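Only one chain is given next, in structure tokens, and it is the form predicted on its own.
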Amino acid sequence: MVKRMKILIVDDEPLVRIALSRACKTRGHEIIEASGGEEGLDLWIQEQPDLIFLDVLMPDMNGPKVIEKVSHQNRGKIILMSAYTGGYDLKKAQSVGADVFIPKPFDDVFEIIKVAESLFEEAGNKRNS
């Protein structure tokens, strides 16, 4: 069983937040939600989540700009998401500070949660070794 995570979901699309939130909650994780980059940045700094689902394109502040404004010690693991995959892939996402890139729409939200949990477990195992 994966350790319970505090997860921040930052996306301007309510349906994406709802889907991720429900799936995470069924796995026992604590969820914090933000509907835009500014709110997400504030919550990220205050709550210091273990993992962040972060949309690339949002009206007030885009995902890469949010990442840029968060200090390295408060990072957590970052999953960057976007329906606009033309300019983003794993390499580009990693270049802005994300750990994983996931295109939207999702085929299987529970598969995304598994990716998040493995990312978190990997980080824990590296710290403990």
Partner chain sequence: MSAIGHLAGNIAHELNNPLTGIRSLCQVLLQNQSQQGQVYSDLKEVEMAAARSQKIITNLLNFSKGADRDELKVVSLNELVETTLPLLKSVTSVHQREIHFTLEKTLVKVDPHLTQQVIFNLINNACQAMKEPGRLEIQTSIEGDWVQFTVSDSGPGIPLGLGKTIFDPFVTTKSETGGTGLGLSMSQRVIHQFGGELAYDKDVSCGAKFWFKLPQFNGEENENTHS
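The model shown is predicted, which means the values in this text are computed figures rather than measured ones. Residue numbers count along the first chain shown, from 1.
One more form of this protein should be noted, the form predicted together with the partner chain, which is absent from this view; the next part is about it.
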- Examine Met61 and determine whether its closest non-hydrogen atom to the partner chain in the predicted complex is within 4.5 angstroms. no
- If you check in the predicted complex, is Arg75 within 4.5 Å of the partner chain, heavy atoms only? no
- Task: With heavy atoms only and a cut-off of 4.5 Å, decide whether Glu13 touches the partner chain in the predicted complex.
- Result: yes
- Taking the shortest heavy atom distance, is Lys65 within 4.5 Å of the partner chain in the predicted complex? no
- Task: Could you tell me if all three of Ile18, Ala23 and Val109 have a heavy atom no more than 4.5 Å from the partner chain in the predicted complex?
- Result: yes
- Go through Leu90, Leu57, Leu43, Val70 and name the one with a heavy atom inside 4.5 Å of the partner chain in the predicted complex. Leu57
